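First come two forms of one protein chain, each written alone as structure tokens, so that there is a structure 1 and a structure 2.
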Structure 1
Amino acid sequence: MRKPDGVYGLMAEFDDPTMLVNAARAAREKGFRRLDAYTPFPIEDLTDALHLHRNKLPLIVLIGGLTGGFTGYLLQYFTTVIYYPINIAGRPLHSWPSYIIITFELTILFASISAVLGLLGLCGLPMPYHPVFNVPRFSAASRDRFFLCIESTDPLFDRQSTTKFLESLDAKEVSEVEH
């Protein structure tokens, strides 16, 4: 994706979240697809505006959860039925009701671990270097400013026209993001 002589993208800075959400929506409508937003706190509407709902995380969590559930059940099955078949209160060796709690717990455990690891993986973390930090004012993204970045890999990207477009959205400042 790296273009040696180009820029990583264009970064627009906004004063409040509503402007950012409107800008993100306008950029999507204009046809931009490779764009990202940076905010000090989560903004629900932004997820909708950027169409970020479809990703692979639910599938990863589902597979993790199912793996956990089967692991929990089989662990107990092999322990109580095959390796240590002990008669407890005359119950059948395969007493499934008592397996449910561990099965449930391991489902949750594996699902949450897959969620965390899946999230890190999909975000490409850990990532020691990212070009957006080359924008001097970007540190404000973790305090009180809201940023929208249109990346140069977007087919519609053009330094002049995209800068103009971002300025037309009432961005406080538009800066180029160096690699």
Structure 2
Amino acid sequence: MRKPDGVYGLMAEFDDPTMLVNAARAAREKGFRRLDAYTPFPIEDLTDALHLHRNKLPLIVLIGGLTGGFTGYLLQYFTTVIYYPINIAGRPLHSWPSYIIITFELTILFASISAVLGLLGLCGLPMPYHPVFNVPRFSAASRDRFFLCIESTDPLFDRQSTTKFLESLDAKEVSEVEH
């Protein structure tokens, strides 16, 4: 999607969390999909209002854990059965109970590494700069203000109509967010 020249989006400032949640719901009902909210503390209703229920991290951790388990098991299998088979006291070459410990440990290792890397990737970290920091009043987002940002990549984004829409939601102030 093409962004308008130098504009990341429009940001509306609200005085309390209820107004922000109502504004987010109204924006979703109007059809906006590329929006985000910034608050000084977590707001449970805001997750529902923004439809942020799609969490890919559990799937990433599951895939990492399964990969680790299969890697640990296959590594031991190929080592003891195919590459270096030693028949000791008539025991079977493929003795799966002896593989459990390393299989379990590699499952945990791969799952935890994929959890950390997946979280960093999904959160877009490290991100030392974000365009919303260009809004002068945004510094209050960590203290006592609530912000809703509609990004310019949204298909319904139009500067004038989106500004009027945000002002109609009783926003204290509507600011342009520049790159």
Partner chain sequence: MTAAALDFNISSDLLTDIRRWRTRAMVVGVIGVILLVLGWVTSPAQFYRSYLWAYIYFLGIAAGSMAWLMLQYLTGGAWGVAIRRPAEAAARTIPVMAVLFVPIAIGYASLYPWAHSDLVAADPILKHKAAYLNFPFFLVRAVAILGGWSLLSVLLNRWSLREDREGPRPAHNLMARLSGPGLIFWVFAVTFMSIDWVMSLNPDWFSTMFGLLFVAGQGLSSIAFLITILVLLSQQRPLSEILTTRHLHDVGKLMFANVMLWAYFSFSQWLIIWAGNLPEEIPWYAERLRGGWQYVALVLVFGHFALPFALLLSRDLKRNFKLLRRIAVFVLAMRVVDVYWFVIPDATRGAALSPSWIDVGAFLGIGGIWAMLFLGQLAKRPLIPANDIHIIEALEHGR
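Please read all numbers here as calculations on a predicted model, not as lab measurements. Basically, rigid core = biggest C-alpha set you can superpose within 1.5 Å across the two forms. Reference numbering: structure 1, starting with residue 1.
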Quiz item: Between 1 and 2, where do we have the form predicted together with its partner chain?
Solution: 1
Practice problem: If you could, name the hinge position out of 97, 86, 90, 54 for the rigid-part rotation between the two structures? | Solution: 54
Quiz prompt | Whole-degree rotation of one rigid part against the other between the two structures | solution = 26
Quiz prompt | Shift in Å of the C-alpha at residue 118 between the two structures after core superposition | solution = 2.6
Quiz item: Relative to the superposed core, what is the Cα shift for residue 67 between the two structures, in Å?
Solution: 6.2
